Structures are given as structure tokens and as C-alpha cells.
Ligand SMILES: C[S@@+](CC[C@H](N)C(=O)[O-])C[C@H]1O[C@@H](n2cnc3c(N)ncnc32)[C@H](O)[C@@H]1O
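A single chain comes next, written as C-alpha cells; it is the form predicted on its own.
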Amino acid sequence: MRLRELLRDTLTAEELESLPSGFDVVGDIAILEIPDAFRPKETAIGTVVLANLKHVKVVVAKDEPHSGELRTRTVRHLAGEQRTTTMHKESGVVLEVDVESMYFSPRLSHERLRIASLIKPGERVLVMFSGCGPFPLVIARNAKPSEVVAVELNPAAHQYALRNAARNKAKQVRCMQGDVREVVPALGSFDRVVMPHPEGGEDFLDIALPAVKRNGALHFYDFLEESEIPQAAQKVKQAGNAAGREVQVLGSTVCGQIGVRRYRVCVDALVE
């Protein structure tokens, strides 16, 4: 159900038009985006959402976007239980998530499953910026890799990833905490490297490309305006040239809208 439908008896028609219609649900936590003009009514909005969505036990509002090296954010409690942690189910995996202390997007569920569907049995896979483990664990559950190495800078997210790997009995997943620039060069080569960094991932292509085996695969993510989408493939090609690797772009997939005419794009590439 869309947010505007839930609130049609709470807000005026004019107010509904200026309120973002969509919202995320992570486990049993609903995460709303409330413009400043609605601050006086946000508690009432949260109460309505809580009352109408029976699977939701907590309603919060984004206080700020994810930011900083650790990709954290703050949220404001609107209704329900006083917590920011939850259990989220996706593609046969159960994930413990803290919606404040780490980056996690439920909107990437189809994309995570798409990547898993591309993995051939026995592949060694690297996931950079792995957070609490959604990409590695969905891959481990839905494909047959020999090993999935997950590297995350955020210590809190790393601890959640360790618990999530144990919870899902994913013995082929190895979680490592640290800066990818320091950790990845010592890990050897991989059949496939996945780079689900929410923004600025091009700054790490010089680390990712050398980690890809010859004729291995690279999945690079970028945030771009609609008119800029072709630039994502160009970034990968340019980084390949700088690294002395031939890169063949297999395709670009739009895997989510993150704003007005702004999108998350994944470039799938073969690295020769």
C-alpha cells in the first residue's frame, strides 16, 4: 500500500500531493521520508502507518541520508517499539539489520537475486562494501560458489555480517573487516567481483579490477541522473584502460530509482 493511500483520511489532498508516496519496510520497521513541512504531523502519520500495516511494529523517519565512510544515518522514532534493529527476510536468507548503524536497502532484493543467478558453480566471489551481508548471503543461498569473501569497513555492520553468516549456516562466506584498499590486494583473484557501493564506487575500480581473474566478471554500481546513465559504462572502460585490462561491457541494468530522474545503475562487465 502506498503512503498516500494510508493517509488519505489524515492529510488534505494538497498535503498528500507534496508527500513522498513510497517508503521502505525493513523487517518490521517502516522507514518514512517526511519533509520538514510535515514535522508537526509526523507522529500522527507514524501512528496511522503503524495501525494499518499489521506486520510493522516500528515506524521511523529518515533524519538524514546515509553519509560518511561508514554509511550510517540517524532516524526519528514516530510510533511503535523503541528500537532500530530488526530481522529481515529475503530470498531464503534471514538478516539482522540495524537501520541506523549501517547501509541496507530492501529495494536491492531483486538485484541481489539477479547477481546470484549469474554465478556459476564453483566460482570464487568477492563482495566489496558488503554491509551486514545481504549480497554474500543471498549469493551463498541461491548459487553454488566455492567461496564468497565479504569486505566491510564499518565495524558494526561487520559484526552483524558475522552473526548473519552463522545464522544462515553460510560456511562458504568469509567476512572481513577493513578498508578494501588494504584488505583486497592480499586476497588473490576472483571469478567475480561485486561492488555494491551506494555512491562513489568509481574511486575503488583501481582496487577491484586487479582482483578479477582473466575473463572474470565485474559488477559496478553507480548513482546517476537519467541523462548520465551511459557514463557508468564509460567509467568502467576508462578504469580498465588505466589498469591495463581489456573490459567488455555486457550491459547496464537500472536497478532502482533513488530520486527524481536519478537512478541506481549496475554495469556488468567481462574483464579480459
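Note that residue numbering follows the sequence shown and begins at 1. Given the structure is predicted, the values throughout are model-derived calculations rather than measurements.
Omitted from view is the form predicted in complex with the ligand, to which the following refers.
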Non-hydrogen atom contact Asn164 with the ligand in the model of the complex at 4.5 angstroms: no
Close approach of Leu153 to the ligand in the model of the complex, 4.5 Å, heavy atom: yes
Proximity of Pro185 to the ligand in the model of the complex, heavy atoms at 4.5 Å: no
Val180: touches the ligand in the model of the complex, heavy atom cutoff 4.5 angstroms: yes
In the model of the complex, segment of 134-142, 165-173, 77-85, 118-126 with a heavy atom within 4.5 Å of the ligand: 134-142
One residue of Ala44, Ala37, Ala51, Leu70 in contact with the ligand, assessed in the model of the complex (non-hydrogen atom, 4.5 angstroms): Leu70
Candidate from Val149, Val99, Leu108, Val93 lying within 4.5 Å of the ligand in the model of the complex - any heavy atom: Leu108
Within 4.5 Å of the ligand in the model of the complex: residues from 200-216 (heavy atom criterion): Phe204
